[in-house]
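Shown here is one chain on its own, the form predicted on its own, set out as C-alpha cells.
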C-alpha cells in the first residue's frame, strides 16, 4: 500500500455503501431471510430458501439509474462508493463466467456492477466492491437449506475436500473477474469470513492474487489475517483507533431495502454521526439500500437532502480533515485542516463555549463556518504565562443565537502559522 493510497482513504471521511440484490423486490433484507434471520437484524423475517432464491428470476430494476446515485454521492461530498457485487446469497450483480446465478441470467441482463462503476467514476467517486466469502447458493459451499435453520453463527455444515477445492477455485475466479474486468478498483470489501478458517479461505493466496491484480487497492479487515483498515459496524468507537478505520452504518435498521423497517435515523443523527466519526479520524460508510426497481426510497432521500444542504456549507470541516482537539480541550467533536480548527457543536450552546490548551496569542480570527460571521471571543491564561510569547490558554467564544444551525453549528478557529 503506497503513501498516496493511505492519504486518500485516511481523510476521505464519507462514503456510500449500497446493499442491493434480487431480494430487494421482496422488500426484505439481503440474504439473511433465507437463513431464517439473525439477532442483529430486528426487522429481518424468515423466508423459505427456494422462495428467496426464486426472486432472482424476476429481478429487472428498470428504474436503476446509477448516474443519479453518483450525482447524489457527489453532492453529499462522498469520496467513495461500495456496491454489493455479491452478498451471502451468492447472486452475482455482475457478468460472471463462473456461474449462471447472476444478473446476466435475470430479465435485466445488463451488468449492474459495470454500470455502477462507470457512473461513479464519471463523477470522480472512488470505486469499492463488496464481496461475500460466504455463498449460501453454491452447491459445493455447501448451499444453505431449510434443514440448516435456525442459523448458528458457530456451527456450519462442512463440505468434502473435493467440494471445497471446487468452491474456492470458483470464488477465486469471481474475485479475479471483479479485479480484471472493470479497470482500477480502489477497495475490495470482504464479508462473511466467520464461517470458515483463514486456511480454508486460502486467505494468504487470495491476498497475494488481489495485490498482483490491483497493486493500489485497499482491502478491509474481513479477509482474515489481512487488511489495510478496520471496519467497526453500526457504532462509533469511543476512542480514535491506531489504524485507518471506517464504520459502516444503516439509515434504518436494515442493510437491504426492507419495507417494514421504518426505524429511520434523522438527518441530525446522520450529521452528528459524520461529525463524530471525522473527529476521531475515521470514515463514515453510510448505507443506501435501493428498492427492487432501482430507486432509492423516499425516506432515505428526504434525510439525505438535509445532509446535502448541511454539507454544502460545512464540507470543509469534514472532508480531507484530521482529528482536531483532545476531549479535555473542547467538549465536543473537532477536526483540523492545517491552521484551521473546526469545532462541531452537536448541541445548542449557552451564551459561550470554551476551548482550552490553545495558543491564545496566535488566534487570528474566530467565525461561524456557515456564513463566515466573525464571532467575539476572549482569552486568558495563567498570569506568569502571559509573559510567554506563545502561551497556551483558554479561549471563550460568544455564540449568538443567530448563528446556530438547526443540525450542527461549526465554528472555525484560525491560528496564525509559526
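As the structure is a computational prediction, the values presented were derived from the model and not from experiment. Positions refer to the first chain, counted from 1.
What follows is about the form predicted in complex with a small molecule, which we do not show.
Residue-level contacts in the predicted complex: of 94, 255, 144, 116, one residue has a heavy atom within 4.5 Å of the small molecule, and it is 255.
Interface residue among 342, 330, 130, 80, judged by heavy atoms within 4.5 Å of the small molecule in the predicted complex: 130. Although the partner is absent here, residue 248 is a contact residue: one of its heavy atoms lies within 4.5 angstroms of the small molecule in the predicted complex. Interface residue remark: residue 191 is counted as part of the site for the small molecule in the predicted complex, having a heavy atom within 4.5 Å. Using a 4.5 Å cutoff between non-hydrogen atoms, residue 169 does not count as a contact of the small molecule in the predicted complex. Residue contact check for residue 14: none of its heavy atoms lie within 4.5 Å of the small molecule in the predicted complex. Not one of 22, 52 and 137 places a heavy atom within 4.5 Å of the small molecule in the predicted complex. Note on the interface: of 258-266, 276-284, 201-209, 84-92, the segment with non-hydrogen atoms within 4.5 angstroms of the small molecule in the predicted complex is 84-92.
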